[in-house]
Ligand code: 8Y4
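What follows is one chain in structure tokens, specifically the form predicted on its own.
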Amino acid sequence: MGVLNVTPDSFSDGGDFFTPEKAVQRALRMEAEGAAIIDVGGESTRPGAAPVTEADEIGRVVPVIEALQSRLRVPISIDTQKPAVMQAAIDAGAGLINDVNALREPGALEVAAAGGVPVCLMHMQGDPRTMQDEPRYRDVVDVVKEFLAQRLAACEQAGIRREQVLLDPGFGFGKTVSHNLQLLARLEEFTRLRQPLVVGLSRKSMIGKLLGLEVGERLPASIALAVLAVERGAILVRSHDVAATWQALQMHVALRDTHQEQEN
């Protein structure tokens, strides 16, 4: 999943693709590099990020989605918490809702169900403005699993079929470095929910805190985390660096397939 932030303030690439023209070119390049989905977001969810109005967010993402929907061969997802933005994006051609708030905003479940598109439900403790203020869990893996199971049930009750739901444990969203490492170490436990797993570890602050690296220096560690996540059950990884991540994952897939052939 190639990350396309149409924002001035995202933690990694804020402002780089803020104009529709630059965003379209970036999306086309990521598709060519191997992205299976282009994830368009118009509001930063970095810690401490300021909220964006519905109108501003729609104004950022809809022109990009409209320009891309006839040029891309891969689906477009909309990264938003707001039902109005979800609806506008679906109308413009988005084929997946990626919500860091797991469709908890009033009206979000109804929009997703009526739109008939797949959804990705992510766990987040608190909100982007406060989520890193001393997050605590009794057991981070158990808590996140329970939350995702509850949101999956809420989706089914709203008329969203299970086969349309993906789950994301929310690395970095209200978690310490220790919490993130526990989630990754025990990621296979999330496969018991029997839903496709999505992870977002690209350029995350945990890398900076563990290795003392600035955002632009985190590519090797991001690739390693992507491979480790797929080894543990993830089927989709969000990445700012599509070509390098795709190449690394292809090596993992080739090795996995060879091992499976030998076993058979």
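Just count from 1 along the sequence shown to find any residue number. Everything numeric here is computed off the predicted structure, so don't read it as measured data.
One more form of this protein exists, namely the form predicted together with the named molecule; it is left out here, but the text below deals with it.
Although the partner is absent here, Arg46 is a contact residue: one of its heavy atoms lies within 4.5 angstroms of the named molecule in the predicted complex. Among residues of the shown chain, Ala112 is not one whose heavy atoms approach the named molecule to within 4.5 Å in the predicted complex.
Interface residue remark: Val144 is not counted as part of the site for the named molecule in the predicted complex, having no heavy atom within 4.5 Å. Among residues of the shown chain, Gly200 is one whose heavy atoms approach the named molecule to within 4.5 Å in the predicted complex. This chain is drawn without the named molecule; in the predicted complex, the residue among Ala94, Leu183, Cys120, Val85 with a heavy atom within 4.5 Å of it is Cys120.
A single residue from the set Val215, Ala67, Ala36, Ala224 has any heavy atom within 4.5 angstroms of the named molecule in the predicted complex; that residue is Val215. With respect to the named molecule in the predicted complex, the three residues Asn98, Phe173 and His240 uniformly fall within 4.5 angstroms at the level of their nearest heavy atom.
Residues of just one listed stretch (38-46, 225-233, 23-31, 54-62) have heavy atoms within 4.5 Å of the named molecule in the predicted complex: 38-46.
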